[in-house]
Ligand SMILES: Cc1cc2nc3c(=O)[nH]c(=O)nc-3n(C[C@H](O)[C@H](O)[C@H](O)COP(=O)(O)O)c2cc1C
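The data below hold one chain only, encoded as structure tokens and taken in the form predicted alone.
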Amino acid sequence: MKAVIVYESMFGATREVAQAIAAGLLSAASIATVTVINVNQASETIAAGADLLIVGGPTHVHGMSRPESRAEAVKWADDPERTLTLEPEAPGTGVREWLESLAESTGARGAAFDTRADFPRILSGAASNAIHKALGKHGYTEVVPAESFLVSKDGPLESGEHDRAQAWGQQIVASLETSARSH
């Protein structure tokens, strides 16, 4: 099985989650390859031929980033009072724009994740909800419910989130294997 993880990351937390999910996927023999790629490097065809597409991004203003929110993130990184370092490939293209160019799936499975501030979801929103809907519109069948991974107000992942992301990758594999056995 071929898996592709496309992520958008401004300060590194979403990249770390994507890599941890990949490690969780690779713990299963049924996953042959996992490609983890920043959205700025992902072509419209990167998902072609993938059996599983996982897409994630940071939550900005209750949803997926926009050009304006990515520009604001650049300003935050330039603020000496904040301890944020912009990722080398940020800001560039966002997951929102990449998903708009995504080709229709022919039976692939999909999963969505995001990173968001450690506030109640009703206050922070979650980019994964919109990512999940976009994947569904393009014909991807949900493997597991969309998931949020928490970051502190200073940007890094909260304690335990890396392990939780790896476990989520393992949960995806378990769901795929259960689904395969029942068909």
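Since this is a predicted model, take the numbers as computed values, not measurements. Numbering starts at 1 and follows the sequence shown.
Although it is not shown, the form predicted together with this ligand is what the next lines describe.
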>> Please identify, from 58-66, 26-34, 128-136, 42-50, the stretch that has a heavy atom within 4.5 Å of this ligand in the predicted bound form.
In response: 58-66
>> I'd like to check something about T141: if you look in the predicted bound form, is any of its heavy atoms closer than or equal to 4.5 Å to a heavy atom of this ligand?
In response: no
>> Taking any heavy atom pair closer than or equal to 4.5 Å as contact, tell me whether V151 reaches this ligand in the predicted bound form.
In response: yes
>> How about F11 - does it come within 4.5 Å of this ligand in the predicted bound form, if we only consider non-hydrogen atoms?
In response: yes
> For A73, is any heavy atom within 4.5 Å of this ligand in the predicted bound form, or not?
Replying inline: yes
